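Here you get one chain, nothing else, as structure tokens; it is the form predicted on its own.
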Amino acid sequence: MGWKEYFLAAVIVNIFQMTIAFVIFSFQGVLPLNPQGFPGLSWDLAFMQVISFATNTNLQHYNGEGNCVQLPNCSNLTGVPGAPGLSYLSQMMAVQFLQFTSAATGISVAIAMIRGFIAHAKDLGNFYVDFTRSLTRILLPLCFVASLVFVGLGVPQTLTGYERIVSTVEGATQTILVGPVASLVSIMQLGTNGGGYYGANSAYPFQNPNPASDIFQIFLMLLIPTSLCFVFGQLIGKKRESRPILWGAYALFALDLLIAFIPSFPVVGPGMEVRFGGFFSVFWTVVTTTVTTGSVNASLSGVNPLVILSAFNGMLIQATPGGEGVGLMYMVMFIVLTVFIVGLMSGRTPEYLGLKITARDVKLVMIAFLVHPVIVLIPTVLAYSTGAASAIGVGTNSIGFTKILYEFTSAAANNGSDFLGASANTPFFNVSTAIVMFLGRFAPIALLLALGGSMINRKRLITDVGVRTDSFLFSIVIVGSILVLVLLTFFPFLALGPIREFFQGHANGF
């Protein structure tokens, strides 16, 4: 396939899958495997959620376990009043299904783009073949093993329905919320999805019972994005070219960790799980945003504003090491921009892997880079100008602005972590985040596949470039270029949000 055919195949397959999931979400009330009796989702919430899961974002405007106090088969559940829940069928055949296919799509498009840089490559491969291989050779086998590990660590995996027991100190009846949780947790973390079975995500004890399960989930989040850094060098036949990608990604990751841990060594405070402590709550937050997974094991409202600033960095860069496949694509995008900048500074023709970087290549990567700020900042302004933010109780102070900016940054980066949760289940936020997620996913993929396609059959030059692209020095230049580009674009808005919040809190003795 050429890049256009490859991209079209990916979009058509994903839209077909979204349609299936939309039907399941909308009619779950009359479909089987619904022992709790949850009704179908509203059209706008179902529309938003199918796009969320299909784009590997997993932003959730619902509580997975629901709030079914008035339903016949449930009692004593907690959550946002009126927040809908999902049946077992929806959790498995819509949520988990799309988590597998979205991760497979990300891996496929990344491999396709890399093929454009391979010497003597004739096309980008076949999407259907790549998609099937990603599922059957990577995701399904690894998730099968991971699910067994989670069951062994105490994560439930059952279809028996919620259990009621009388074991509280007060002697009240407590409903134990179980279901096919272990299988979902395995793909949500391995596929850098992040959408959890419960509204509290991995802060919920049944989804993340102990420190061992916490560390294992962090490992799964980092596994495939890190592995793809090595795959790049393996595929192009120059393993040394993986070095700047890996070094650059983890240098930025280390910088995010440094920012997050600046305030002081984190201690257990409001919103942090005592099972994990402050250290693992903060470390998880950095990891889940640098690989754009979006799962949480603590309340974002309970961490220091500098931790939130670190989370913003991961989502804005999207290559530290980034999400499933797409993180690698973004890093190659930054490399092309860096090569162009170095060429301007040294007066040489920009080249990468012996390929001359043309004006069209630079335009493609610049448009791919600019898509993100456009789809983040415009809806953030609209949320305030239309009154949608105030309608859900979000103010115009630094904390309120941070929440709204974070919502759309998370959606655009296909991350999915957020402050608002089920409170954002309104037509404005459902529709706007759905549009942002779709554009944030497929617009950069189209542009970067076009970049890979433009490299096919391009003559390779053997020249002495200004900086070797497999050197440690080039990794430093990449990191500097990324920081300058991102800071110049987003710093004014970060200054109005988490940075201002940090200094206000510091002045008040926070």
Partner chain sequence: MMKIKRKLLQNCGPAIRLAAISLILCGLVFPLVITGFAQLIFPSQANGSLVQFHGKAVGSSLIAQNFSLPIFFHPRNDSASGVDPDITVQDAYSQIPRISAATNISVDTLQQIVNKNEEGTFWIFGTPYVNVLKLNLALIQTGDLAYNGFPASSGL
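Keep in mind the model is a prediction, meaning the values are calculated, not measured. Numbering follows the first chain given and starts at 1.
Absent from the display: the form predicted together with the partner chain. The rest refers to it.
Check: Can any non-hydrogen atom of residue 299 be found within 4.5 angstroms of the partner chain in the predicted bound form?
Finding: Residue 299: yes, in contact with the partner chain in the predicted bound form.
Item checked: is_contact(residue 103, the partner chain) in the predicted bound form, heavy atom dist at most 4.5 Å -> Outside the cut-off, so no.
Next item on the list: Look up in the predicted bound form whether residue 366 has a non-hydrogen atom within 4.5 angstroms of the partner chain, and give yes or no.
Entry: No, residue 366 sits far enough from the partner chain in the predicted bound form that none of its heavy atoms falls within 4.5 Å.
Notebook entry, point to check: Does the 4.5 Å heavy atom contact test between residue 125 and the partner chain in the predicted bound form come out positive?
Noted result: No, residue 125 sits far enough from the partner chain in the predicted bound form that none of its heavy atoms falls within 4.5 Å.
Item checked: Heavy atom of each of 391, 428 and 488 within 4.5 Å of the partner chain in the predicted bound form -> Looking in the predicted bound form, the three residues 391, 428 and 488 all stay beyond 4.5 Å of the partner chain (heavy atoms).
Next item on the list: Would you mind picking the one in 378, 223, 148, 236 that has a heavy atom within 4.5 Å of the partner chain in the predicted bound form?
Entry: Filtering the options by heavy-atom distance leaves 148.
Note to self: Can you pick out, from 304, 398, 96, 242, the residue that has a heavy atom within 4.5 Å of the partner chain in the predicted bound form?
What the structure shows: Only one listed residue qualifies here, and that residue is 96.
Check: Which single stretch, out of 246-254, 307-315, 433-441, 157-165, brings residue heavy atoms within 4.5 Å of the partner chain in the predicted bound form?
Finding: In short, 157-165.
Checklist line | Partner contacts for 167-197, taking the partner chain in the predicted bound form and a 4.5 Å heavy atom cut-off | finding: If the 4.5 Å heavy-atom criterion is applied to the partner chain in the predicted bound form, 167-197 yields 167, 168, 169, 170, 171, 172, 173, 174, 176, 178, 183, 186.
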